[in-house]
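Just one chain is shown here, as structure tokens, and it is the form predicted on its own.
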Amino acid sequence: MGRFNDKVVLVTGGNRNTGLYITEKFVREGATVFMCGSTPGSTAKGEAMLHDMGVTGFRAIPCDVSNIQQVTNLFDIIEREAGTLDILVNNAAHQGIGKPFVDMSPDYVKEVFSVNVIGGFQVTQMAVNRFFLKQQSRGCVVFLSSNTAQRAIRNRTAYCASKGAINSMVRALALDLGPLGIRVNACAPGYIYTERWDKLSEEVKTRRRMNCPLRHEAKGSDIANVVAFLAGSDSSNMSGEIITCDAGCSCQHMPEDVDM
């Protein structure tokens, strides 16, 4: 018996990097999983990668979460094919990379927030109104935040600000939805090994790992394990929480080689 047998799960941004492992986790633990990428091409690529990982039995649907019509279409498909939704994982993210603050336009900030904040808001609202409030088992929501919401990194102002907004939204939603029987929590990763790490030199990777008291970045499966915990019955008395999974980075004042 899997932890999530008979559960229906939606994973936004389930088509790449950490999202692949979150999708895999729920499929392997018995859930019926819908996942989306922001474009047909990226969704199909993620579907093929999951099949290469030996993961089958999920439904891949393109959906840009910042586009309310595409979100509506996604939920129409879920309603038609599954008739219910139990768990929402808001993983879709705009990384906000490569824009120093002095060169950052307001339109770029809006672009990042439209995915990370507005997208998460409108997917959650639709899940609550179309499914959770109509079901005896009300469901739960897990957001993917970041430790950069608390400890900023350079040249990522829009991204850091959007993740701080997610943390605040998680707490606010927990207050508003808790009395309705709906839990809302978040996982806040730090470094995660993704495809972007494959372009880094070994020297840079080693230096990054020096920032981690555990001396290694997270794997996608590490984050998926935290997400599954927050979505499952073992966390049934938790809401409004942000669980950090960052190899101990957030507990230190400075990395070891400069904290002398």
Ligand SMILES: NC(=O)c1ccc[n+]([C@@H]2O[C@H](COP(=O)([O-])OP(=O)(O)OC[C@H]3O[C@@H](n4cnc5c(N)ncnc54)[C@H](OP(=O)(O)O)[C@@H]3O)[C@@H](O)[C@H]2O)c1
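In this text, all values refer to a predicted model and were calculated from it rather than measured experimentally. Just count from 1 along the sequence shown to find any residue number.
The discussion below concerns the form predicted together with the named molecule, not included here.
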**Message:** Can you work out whether residue 33 and the named molecule are in contact in the model of the complex, taking contact to mean some heavy atom pair no more than 4.5 Å apart?
**Reply:** no
**Asked** Would residue 15 sit within 4.5 Å of the named molecule in the model of the complex, counting heavy atoms only?
**Response** yes
**Non-hydrogen atom contact residue 140 with the named molecule in the model of the complex at 4.5 angstroms** = no
**Asked** Is residue 160 one of the residues lying within 4.5 Å of the named molecule in the model of the complex, judged by heavy atom distances?
**Response** no
**Request:** Could you work out which of 177, 78, 127, 144 is the residue within 4.5 angstroms of the named molecule in the model of the complex, going by heavy atoms?
**Result:** 144
**Message:** Exactly one residue in 192, 212, 55, 68 has a non-hydrogen atom within 4.5 Å of the named molecule in the model of the complex; which is it?
**Reply:** 192
**Complete:** Of 169-177, 100-108, 87-95, 128-136, the segment with heavy atoms within 4.5 Å of the named molecule in the model of the complex is residues 87-95
**Complete contact of 185, 230 and 235 with the named molecule in the model of the complex (any heavy atom, 4.5 Å)** = no
**Partner contacts in the model of the complex for 41-72 (non-hydrogen atom within 4.5 angstroms of the named molecule)** = 42, 63, 64, 65, 66
